Structure formats: C-alpha cells, structure tokens
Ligand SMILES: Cc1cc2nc3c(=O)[nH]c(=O)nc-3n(C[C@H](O)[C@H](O)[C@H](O)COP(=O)(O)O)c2cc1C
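Given as structure tokens, the chain that follows is alone and in the form predicted alone.
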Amino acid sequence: MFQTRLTQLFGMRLPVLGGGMMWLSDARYVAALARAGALGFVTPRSYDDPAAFRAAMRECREASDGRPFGVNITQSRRAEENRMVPEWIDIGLEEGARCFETVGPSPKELFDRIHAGGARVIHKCAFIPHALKAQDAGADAIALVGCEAGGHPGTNELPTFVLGALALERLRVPLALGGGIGTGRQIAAALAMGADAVLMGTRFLVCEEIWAHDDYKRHLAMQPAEASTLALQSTGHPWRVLDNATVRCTRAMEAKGASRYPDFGALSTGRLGRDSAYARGDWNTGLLSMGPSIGFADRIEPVDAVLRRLMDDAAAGAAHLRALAGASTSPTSHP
C-alpha cells in the first residue's frame, strides 16, 4: 500500500516497525508482526543465556512464514554489560535475521560486523547529532524517537514531528519516526512529511501475542494518554512509564534527594515490572515503559487486527490529503 525506502530496504509490506521492547519482544510477538507485514525485533537482553536467545530466534524464524524479522541490540552505558553483543549479533545472523535495530553508541565496527553477515542496520536514537553520527558510521537507516516515546527517550524535549521535520533536512538515509504514534492518520502524516516508516511500541502492548498478563492489558486498555508520565528525572536518564504507585514512590524518594539509579534500589529495575505487572498483572508495581499512544489502545486483539485498522486509517488519511491537493489544483469556473 505504501512503498517507501524503508519497506524496500527491509522487505516489509507495511511501513511499520515494532521497536524492541525489553522482556516483551519475544518470538511469538515478533513473528506476528512479520506475518502481518510489519517488522519487529527480538530483544536478546530478555533471555538468560545465549542458548535461550538462539531457541527464541529459531522459533521466530519458523513462525514468520518467510517474512523478515530482526534483532534489537541495545548497548548499555556500562561497558561490562555489552560483552555479549558480538555473540548476540552472530546468533541473530546464524538464525536468519537480516535486520538489526541498534540503540546506544554507534561504533563503525558494530555496523561493520552486521553488514559482514549480510544484514542491515537501523539505528534508534533521540537526538539529530546522534543520528548524523550513526549515518556517518554506516547505519542503513535511522529511527528517531521524540519525547513522547515510551521507555528511555533520553533528555530530548522535542516532540516526534518537530524532531522529524528537522531531521529530514539533514539526513540522507531512510528515516522512521517514533513516539506517541498510535493511529493510521499519524502514519499518513509521517509519510506525507517525508518519513519512510513509523516506529511503534506502546500501541501494541495490549495485543494478544504480547505475553503479559491479561489483567495488565485490561488496565492499559482503559488508560487515557495522560496516564503516561516521566519517572526518575533527577537521574538525567528519565523513563517514560505508566503512572502508578511505584512512580509516586520514586518521586517521594527524589524529593528527599535520590538522584542516581542505585538510590532507588529494586524500584528502578526492569525485572520488578516483569515479575509483577507482566507475570502477575500487578500494574501498580514496577516502572512500566509506556507512551501516550496508550490512549489509542482500547481493546485486546491480535497484532494483525491492529495493523489492518491502522493501515485502513492511514489510507483514509492519504486519500483526504489527495482530495485536498486535487481541490487546490482543479480549474475554477468564472461567470
């Protein structure tokens, strides 16, 4: 329906990327995106060891019906936590991934390793200078996320569409925009502006293929956009999450001077949310990545159903724009 530089680069049918979500971007979910025509990324940091990650990759490959799927390589600010990155890349390549989403530093040797295996790279970041650096280092495409993005958008304060409009004046490689996108009309708007795809995460949180507890999904399906908030701002590495009891607790700690991730103990760990909200449905416990596009996620349904509705709405938005363009160029009769 919408063929762009990114759909051609990655072999996608739809201009939609399902960004890697810690703990949740597993084989079942990523394969569902692939079958529906989008592109998702399995997150190796979600697995206890390389063998478990390899098994997930094989499951994803078998369930993807020959459609492309990818791997998310998120690099930590702490070098010792990146020792598995080369092995994750090699496993991904060996098990058929030809698309990699990278996050964090953009060293040329990382991109070179992926390219040597016959795959392509889209680098995700929140600042235009970082995007330009990744482009110069050899990234095949860029995903820029605005301040609305769930998870860790950094200290960027620019909204998605302002950031994208600025970036399009400077980037040569294909661009995906993410942050706050949850409707097809937003997809049409991003493409009309010149972007090549959108990056979405929060909108898919209530999908059937996401393994999180149904009680958690039901709670999310009732949330307005305003339920998304920033936590841990005092650390300099804010986290956009669901407003809940844990957020309020961390804010009380910040008021008393807490300003480093270790100051918050277990409250700042992703595992707390995984074991409480995702596994048991306790949505009040843990910092749970979520952006304001949750306001569009009003029901639990399959990935395919969400994407079909998104693309129908995008087509309607594109048709509206074409009608406006046609009206502005149609001949005018004079008496």
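Residue indices: 1-based, along the sequence shown. All values reported here derive from a predicted model rather than from experimental measurement.
Although not depicted, the form predicted together with the named molecule is the subject of the following passage.
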Select from the listed residues S106, N244, T250, T74 the one whose heavy atoms reach within 4.5 Å of the named molecule in the predicted complex. T74
Tell me, which of A315, L321, M22, L9 has a heavy atom within 4.5 angstroms of the named molecule in the predicted complex? M22
Contact with the named molecule in the predicted complex for Y278, defined as at least one heavy atom pair within 4.5 Å: yes or no? yes
My question is simply whether G201 lines the interface with the named molecule in the predicted complex - judged by any non-hydrogen atom within 4.5 Å. yes
Does S293 reach the named molecule in the predicted complex if we count a contact as any heavy atom within 4.5 Å? yes
Is the gap between D196 and the named molecule in the predicted complex 4.5 Å or less for some heavy atom pair? no
In the predicted complex, which of the stretches 263 to 271, 283 to 291, 50 to 58, 299 to 307 has residues with heavy atoms within 4.5 Å of the named molecule? 283 to 291
